[in-house]
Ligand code: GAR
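Presented below, as structure tokens, is a lone chain in the form predicted on its own.
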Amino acid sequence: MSIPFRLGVLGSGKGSNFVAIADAVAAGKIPAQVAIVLSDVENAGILAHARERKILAQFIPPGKFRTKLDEEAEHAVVEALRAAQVDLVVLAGFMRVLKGEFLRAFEGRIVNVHPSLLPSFPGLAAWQQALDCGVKVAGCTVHFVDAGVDSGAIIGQQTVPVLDTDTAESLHQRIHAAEHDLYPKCVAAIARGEISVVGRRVLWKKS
């Protein structure tokens, strides 16, 4: 019997992208299992969702910094993921920048979803950036994580039209819905071994 592909999920908030991925796993759409869910927020919704699904869920105190994990916290996260024998680290609304040890420990095995069509509008509140710039098409991007800000190789993208009636909130909601569709598809492709990275390009095998 083959050993299942194992996912480790990091999140700081409600966990809606985690729910989309966990539901896709349960439905057999992603050939993997969620091995562990970690959060830097003790009462984060993502931990509650994991526990409801009988998935190992753990709060790890982030330490003294506001935007990143301190060294002790980063080491604790790395060790928890290693103990769970994860093959892929999935960031699902994790609101801290990952640095040195973490990136080295899981190089080429960390993915994130961002609410814009990268490389446009990296960073915070990308939907508001899109509205402010007057673009007619927004969307979301699943990408590998590197040492830059939303700068890793792009795995997949999905477009969302910007409507004349859109507010920042309404556009954000529709982008979020697109994330729930795109992210599980990209994670499934990785779990199946259907993608390869050549330089900055991520290539999908033709089915």
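Residues carry their position along the shown sequence, with the first being 1. Bear in mind that the values here come from a model prediction, so they are computed numbers and not experimental data.
Absent from the display: the form predicted together with ligand GAR. The rest refers to it.
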Exercise for the section: Give a yes or no on whether every one of Asp150, His176 and Glu179 sits within 4.5 angstroms of ligand GAR in the model of the complex by heavy atom. Expected result: yes
Problem - Ala92, heavy atom within 4.5 angstroms of ligand GAR in the model of the complex - result: yes
Problem - Residue contact check: Val113 to ligand GAR in the model of the complex, 4.5 Å heavy atom - result: yes
Problem - 4.5 Å heavy atom contact, Gly15 to ligand GAR in the model of the complex - result: yes
Completion exercise
Only one of 97-105, 67-75, 128-136, 113-121 has residues with a heavy atom within 4.5 Å of ligand GAR in the model of the complex, and that stretch is 113-121
